[in-house]
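Coming up is one lone chain in structure tokens, specifically the form predicted alone.
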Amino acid sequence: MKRCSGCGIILQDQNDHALGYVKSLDHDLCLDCFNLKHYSKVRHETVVKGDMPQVSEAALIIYVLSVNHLSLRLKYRLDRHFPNSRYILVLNHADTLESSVNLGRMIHKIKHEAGQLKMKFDDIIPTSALQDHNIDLLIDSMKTYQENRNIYLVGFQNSGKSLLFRRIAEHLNQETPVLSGKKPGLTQGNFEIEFNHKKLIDTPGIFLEGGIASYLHYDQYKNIQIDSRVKPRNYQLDPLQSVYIGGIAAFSFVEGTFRGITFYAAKQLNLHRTKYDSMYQKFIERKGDLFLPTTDEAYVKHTFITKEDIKYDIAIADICFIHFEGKGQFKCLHLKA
């Protein structure tokens, strides 16, 4: 069985509608990877639902987590999936955070939360695979905690894991054909390089339930994903005002005192302030027209109340962060995860 050199899927020349198709088995790239590499186009919109990879040995696990997915940081108990292993947490896409973000405080909080669950990260390192930031620091940490073990990169789809793998290979003066891009689930097989007399292995990403690619076409979502530092957009809101986030979500301030609410989203994603409509009738009527991009999939409403005068952050995976402070009642309309 021959595998695609870009994504690792088994190549086949029988069904041009199925994944892994090539016109000739002499080719090294499947047609999907060829189009993505040379034309930045995607043939198949289907997101492959990859699970947590299987590792049958005591290893060093590099858990790659995008800062866009921070709310999922402790979703999995790594010690249960990978017993007798050691763990390093990589906070990738750190370059997208506002410069005022205190990374040290963020790392301290994550360590505290993990400690409460009796999980231990030997190290937590913020990186940017795109900007080639802190890659040498990560390599040094991997060597420190490797203990003559193989090393596995694991993480959610769109965490930047495969690009990180390529960056590490570059720093080690090695080459790897693995492709990276904004399409979730691109990697379909393991890729490996030599690392400190053992192996560094890139694994397929874990499917992210409710990710934006589950609802929109590639051409719609590729430009609204947060992949660079975004400028904050501040709105001074009175109660009963809403901000629509493209045609994907709506955030409403229902009860409380006048306050500033900050949105972090790609500049291509339009934000629109309007009066609160408890039935979101305007949103439903104008999505696809005034509010883009959008989908015909079901939306759900979520109400939450803040009772303390502290800072709060709400994340809409891949596309937006919302920051505010203080007591109040809020509603969020979003795609059903």
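A residue's number is simply how far along the shown sequence it sits, counting from 1. Here the structure is a predicted model, which is why all the values come from computation and not from measurement.
Below, we turn to the form predicted together with a small molecule, even though it does not appear here.
Think of it this way: in the model of the complex, the small molecule has a heavy atom of just one of Ile124, Ala250, Ile224, Ala129 within 4.5 Å, and the residue is Ala129. Taking a 4.5 Å heavy atom cutoff to the small molecule in the model of the complex, the contact residue among Tyr244, Tyr152, Tyr264, Phe156 is Phe156. Of the heavy atoms in Pro177, none are within 4.5 Å of the small molecule in the model of the complex. Taking the partner from elsewhere, Gly211 is found to have every heavy atom lying beyond 4.5 Å of the small molecule in the model of the complex. The small molecule in the model of the complex comes within 4.5 Å of no heavy atom belonging to Pro239. Though the partner is left out of this view, Gly256 does not reach within 4.5 Å of the small molecule in the model of the complex, counting heavy atoms only. Contact annotation: the small molecule lies within 4.5 Å of heavy atoms from the stretch 198-206 in the model of the complex, the single such stretch among 198-206, 72-80, 113-121, 139-147.
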